[in-house]
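There is one chain below, alone, in structure tokens, taken in the form predicted alone.
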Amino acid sequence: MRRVMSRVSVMAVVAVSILGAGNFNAQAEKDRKALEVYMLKKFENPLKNRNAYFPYATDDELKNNIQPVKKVEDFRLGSYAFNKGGLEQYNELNEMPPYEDAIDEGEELYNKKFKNGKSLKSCFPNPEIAGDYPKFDDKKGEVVTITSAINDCLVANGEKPWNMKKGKIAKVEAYFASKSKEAGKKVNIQINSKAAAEAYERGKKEYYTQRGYLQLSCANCHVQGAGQRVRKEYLSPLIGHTTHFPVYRLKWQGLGTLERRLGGCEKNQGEKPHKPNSKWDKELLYFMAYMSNGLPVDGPDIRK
């Protein structure tokens, strides 16, 4: 635990020196590349790496179920990148995806006219945008997620905002993700100003900070703990976490946004979830999304 916090402190010191240089994404790129190296090394040979990374795994798991990961882009599949049994189930479920109707409904909502005659299409003429969010809006001085951007469009046109966790907003995001995937889009998060870099750093700090009555950080589960098992499920890696949303979770029996999943994780940490449109949520998602830069957009998708 202390090693995690010491790494954050060192990273923060390095970040301060780089932020003044004008190359605003330099520290973020170092972080992302270091994470890729760590994850590929961790999963290059799970059986050989038992002592370093998988001390609680059984011989049977390491020999027959936790398979090597050779390419960074495979992490877009989450734990299915290395979970052989889970991947087989995942492929079976995707033979008849339960989210297909939601994509069609999302397209209808995208084109539906507001009372003033405009539509979501007026705000987002090109729906192939799933990999471009979250963004830092320098005029507003804040991070804008795709979820908050949809609601901003609604409010600006005299409409009521939607639930940020599920329902209509998740269906529109499913349509955006589907169109982005069809177009071969990749995650492309930009850090183009000092304020954006500072927002990224705050998001990173929160990701590595222990909190809640369990005193867990996001990194405890999804960096150090990636590939380890909690009951019957394997913990997924940080790389690829944002690529496949919105997701249809079997637990939910429906689609949910990144904000919905984040709230569930916070509960699991023993913490009261932050509001979906809070600065905390948006900056944390900004950091998380940057860690998947360059990976293919792979949503909507299905998870347990």
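Please read all numbers here as calculations on a predicted model, not as lab measurements. Residues carry their position along the shown sequence, with the first being 1.
One more form of this protein, predicted in complex with a small molecule, exists but is not displayed; see below.
Open item on the list: Within 4.5 Å, heavy atoms only: does S236 come near the small molecule in the predicted complex?
Closed with: Because a heavy atom of S236 falls inside 4.5 Å of the small molecule in the predicted complex, the answer is yes.
Open item on the list: Whether L216 contacts the small molecule in the predicted complex should be assessed with a 4.5 Å heavy atom distance threshold; does it?
Closed with: Residue-level check for L216: yes, a contact with the small molecule.
Open item on the list: Within 4.5 Å, heavy atoms only: does L295 come near the small molecule in the predicted complex?
Closed with: Output for L295 is no: heavy atoms all beyond 4.5 Å of the small molecule.
Open item on the list: At 4.5 Å between heavy atoms, is T58 in contact with the small molecule in the predicted complex?
Closed with: It does not: once the small molecule is placed as it appears in the predicted complex, T58 has no heavy atom within 4.5 Å of it.
Open item on the list: Can you pick out, from N268, N45, N64, S278, the residue that has a heavy atom within 4.5 Å of the small molecule in the predicted complex?
Closed with: It is N268 that has a heavy atom within 4.5 Å of the partner.
Open item on the list: Which residue, R202, H222, K135, K181, is the contact with the small molecule in the predicted complex, using a 4.5 Å heavy atom cutoff?
Closed with: Exactly one residue meets the criterion: H222.
Task: Non-hydrogen atom within 4.5 Å of the small molecule in the predicted complex for each of K112, I146 and K171 - done: Zero of three within 4.5 Å in the predicted complex.
TODO: Tell me, please, which stretch of 66-74, 268-276, 45-53, 24-32 lies within 4.5 angstroms of the small molecule in the predicted complex when heavy atoms are compared?
DONE: Contact-bearing stretch, as computed: 268-276.
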